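Only one chain is shown below, in structure tokens, and it's the form predicted alone.
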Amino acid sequence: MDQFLQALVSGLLLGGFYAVMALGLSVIWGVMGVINLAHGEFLMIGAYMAWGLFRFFGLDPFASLLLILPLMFLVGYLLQIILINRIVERPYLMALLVTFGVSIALANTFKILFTSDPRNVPVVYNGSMQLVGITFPIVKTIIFFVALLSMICLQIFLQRSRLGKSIRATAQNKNAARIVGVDINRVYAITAGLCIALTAAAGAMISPTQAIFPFMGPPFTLKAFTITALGGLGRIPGALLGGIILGITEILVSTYVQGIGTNLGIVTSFALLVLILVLRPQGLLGGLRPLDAEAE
């Protein structure tokens, strides 16, 4: 019983990170209809930024979010204005090819700059604490609460602010939003900036517990797809639910299935994704758009 409770807690903490990690892909897909295959690479960039700020300036990874968030917002905003806005109205395959090209370019650029050697951020509090007989890793517990805070702030922004309402209106019907005076390209650029900043922040937060290397992104992109299929496009509570389901599933499998190997996360994510798409192609909570709808 203690082993099961420990697995549930570990899966819950992991699921909180997965939720905030997947939000960027989910919201961009939901608002623009663009499937961002470079999602994991932006997480990788955030991790490298946290490592660089820690190594050269001694800045804690969580404190570095104050710099990473605005910088990556600017990166996302400019990327959308310069590149993605040109393909949003085109068939979905165009966006897949462009973002796939971006992912390859980013990963190989960082390989040239930093080689393939893994890096890490050795924070002094990377230990654990005991509470009612259950072990809570300190860094993962902090990540969980920071992730919850980030999702709450994003939910309030989307629900209460004028800009957030414009983003939701664009996601629901972009043509109607244009008619009432919403600047669609500006909304897309701000959405991309927010989502890429949030994804990079997730990478910075996980840097103390995850080896950082140029090709770490694709597994996270796959997991983000799975969470989006579970929770729905652009749904913050759905992302939290999907992240927790994936996190708990991964930990339970690793706890009770021996000898599964180091690719546990990829295997579990792929199996869940295939199962969802075979049994319920629109996603568990109706989250996935049909491809012909995205192409319109």
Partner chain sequence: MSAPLLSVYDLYAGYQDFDILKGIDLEVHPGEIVCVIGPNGAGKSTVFKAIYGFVKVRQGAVRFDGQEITNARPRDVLNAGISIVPQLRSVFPQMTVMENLEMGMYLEKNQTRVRRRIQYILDLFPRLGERRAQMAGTMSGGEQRMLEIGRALMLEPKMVMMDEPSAGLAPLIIRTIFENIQRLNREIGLTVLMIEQNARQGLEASHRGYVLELGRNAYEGPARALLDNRDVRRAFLGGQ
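Since the model is a prediction, treat every value here as computed from it, not as a measurement. Positions refer to the first chain, counted from 1.
The form predicted in complex with its partner chain exists for this protein as well; it is not shown, and the discussion that follows is about that form.
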*Report whether the minimum heavy atom distance between S150 and its partner chain in the predicted bound form is within 4.5 Å.*
no
*May I ask you to check whether V182 falls inside a 4.5 Å heavy atom distance of its partner chain in the predicted bound form?*
yes
*Residue contact check: R178 to its partner chain in the predicted bound form, 4.5 Å heavy atom*: yes
_If we define contact as a non-hydrogen atom of the residue within 4.5 angstroms of the partner, is R119 a contact of its partner chain in the predicted bound form?_
no
*Heavy atoms within 4.5 Å of its partner chain in the predicted bound form: which of the stretches 139-147, 214-222, 160-168, 121-129 has them?*
160-168
_Just to confirm, with a 4.5 Å cut-off on non-hydrogen atoms, which of T135, N173, T115, N108 contacts its partner chain in the predicted bound form?_
N173
